[in-house]
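Coming up is one lone chain in structure tokens, specifically the form predicted on its own.
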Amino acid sequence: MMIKRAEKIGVHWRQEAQALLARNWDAELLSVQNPNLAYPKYYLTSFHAYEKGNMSWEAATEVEVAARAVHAGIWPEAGAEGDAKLRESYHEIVKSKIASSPQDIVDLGCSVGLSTFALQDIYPEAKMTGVDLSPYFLAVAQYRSQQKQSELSNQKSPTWVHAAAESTGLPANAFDLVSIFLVCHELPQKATMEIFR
């Protein structure tokens, strides 16, 4: 149903996901994966109709098209651009609450980097760090970073960290903006509380 709806509004779900899936991801996966990471139990379960949840290439290669399809319904007039409009509205709120531009930003639950790149567009001088539990998602984020670097040579590439948001291993007080976008509604309440703690 979602794929049909996506393709009806001009999001070429199957085509875009297949193009990503056909790539050899070894280099990107190796560059982001923390082989010593112990996954929380809540993460190792089926999720969003994927048997392995976010721990699969299928999920990772469908994140972008799924976001465009799902968020199209929020602003029907925006269609496939609904996801961009959703992120834009979030960042308008963030900017209205922050007096000065942050220099060090961490994006918890960054997925394939959609929210990280959107933050980077708003704060291009900031050092960006994206944190996610899925090495597959981070591999796609790394690939998208490489594509953006070739398009915009003056933009810094984010650092991708394979870790749990509730235990990042990052130093305390190292960031002046911590963003967590479209994550908490998908977590057990205990994990959300640990992240905020």
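Don't overthink the numbering: it's just position in the shown sequence, from 1. This one's a predicted model, so the numbers in the text were calculated from it and none came from an experiment.
The same protein also has a form predicted in complex with a small molecule, omitted here; what follows describes it.
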| task | Select from the listed residues 17, 11, 187, 178 the one whose heavy atoms reach within 4.5 Å of the small molecule in the model of the complex. | result | 187
| request: Within 4.5 Å of the small molecule in the model of the complex, counting heavy atoms only, one of 74 to 82, 104 to 112, 91 to 99, 120 to 128 shows up; tell me which. | output: 104 to 112
| message | I'd like to know if residue 54 sits close to the small molecule in the model of the complex, meaning any non-hydrogen atom pair within 4.5 angstroms. | response | yes
| task | Determine whether any heavy atom of residue 62 comes within 4.5 Å of a heavy atom of the small molecule in the model of the complex, and answer yes or no. | result | no
| request: Check whether residue 21 has any heavy atom within 4.5 Å of a heavy atom of the small molecule in the model of the complex, and answer yes or no. | output: no
| message | When the contact criterion is heavy atoms within 4.5 Å, does residue 69 count as touching the small molecule in the model of the complex? | response | no
